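In the form predicted on its own, a lone chain appears below as structure tokens.
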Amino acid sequence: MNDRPEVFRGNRIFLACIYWAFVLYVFVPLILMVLMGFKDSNFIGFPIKSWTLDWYTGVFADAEVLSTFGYSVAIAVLSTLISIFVGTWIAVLLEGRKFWGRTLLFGLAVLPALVPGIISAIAFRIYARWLGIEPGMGAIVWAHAVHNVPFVVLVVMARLSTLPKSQIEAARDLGADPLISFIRVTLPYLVPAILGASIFCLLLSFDDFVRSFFLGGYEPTLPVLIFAKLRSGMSPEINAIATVALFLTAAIGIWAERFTRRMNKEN
């Protein structure tokens, strides 16, 4: 009996070591990336003998980077809107209902998330060519939206499973038809899940390299632009671009998490 506290303490220390090892594994490369953006040299590497802000100021002065950034954001927003609309309706159709083919429909809905990225990109490229869709923004938005739908379906279905059926029944008893009860009861309850899924889809689309590379036209997305710059050598400019994108996406994620938590408390 006296050995139990020692065992628990040993387990806590072991778990703490694993936790901090994971934190270092994740954050040390990011910290090094940020620091390399301040190096006053054309190539990255240690030691950093002098520091400069030129690479970061150059990011905001580079018309190509800003244009590509705006292009990537537009693709992310459009693909997210499409995936949210389609994924929410699929989730509403599947959750709490039993009908023939439900399992098949659910499997088809989540299948894009299970297919490896390179296979998915090749398949989209072949199918787009067969449909006569030219490489470019439309093809990328379509591919990103299809890839994001499964995540919306899973998140919204999880939220729907916690919706008290009594609320819908009360709306029906008060004379609301299915559409009105969905708009006034179900949809407000789904807002936190839809918001969370939207942020996740935005970040997925913004960061998607493989599908953007295979389906892109002459104008690259931000990941494709970074890849193109990498082919000519690793310079602090790439670190600066990646750092700006990192802090922007992190800020969006933190805001979304706090906003979703606040809405969950209100509900």
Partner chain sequence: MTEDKSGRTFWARLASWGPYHALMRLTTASPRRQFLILAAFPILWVLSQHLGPMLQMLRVSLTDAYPVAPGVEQHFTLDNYGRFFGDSIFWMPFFRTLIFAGVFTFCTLIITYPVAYFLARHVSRKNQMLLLLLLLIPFWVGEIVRTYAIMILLGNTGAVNLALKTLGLIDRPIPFMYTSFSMGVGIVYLTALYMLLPLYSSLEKLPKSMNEAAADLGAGAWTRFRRVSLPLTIEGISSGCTLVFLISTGFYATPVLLGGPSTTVFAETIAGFFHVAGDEWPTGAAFATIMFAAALAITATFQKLMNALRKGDKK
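Residue numbers count along the first chain shown, from 1. Only a predicted model underlies this, so the values are computations on that prediction, with no experimental measurement involved.
Although not depicted, the form predicted in complex with its partner chain is the subject of the following passage.
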- Residue contact check: residue 179 to its partner chain in the model of the complex, 4.5 Å heavy atom: yes
- Message: With a cut-off of 4.5 Å between heavy atoms, is residue 146 one of the residues that contacts its partner chain in the model of the complex?
- Response: yes
- Query: Is residue 108 close enough to its partner chain in the model of the complex to count, meaning some heavy atom within 4.5 Å?
  - Reply: yes
- Going by a heavy atom distance of 4.5 Å, is residue 164 a contact of its partner chain in the model of the complex? no
- Interface residues of 224-253 toward its partner chain, as seen in the model of the complex [heavy atoms, 4.5 Å]: 226, 227, 230, 231, 234, 235, 238, 239, 242, 246, 249, 250, 253
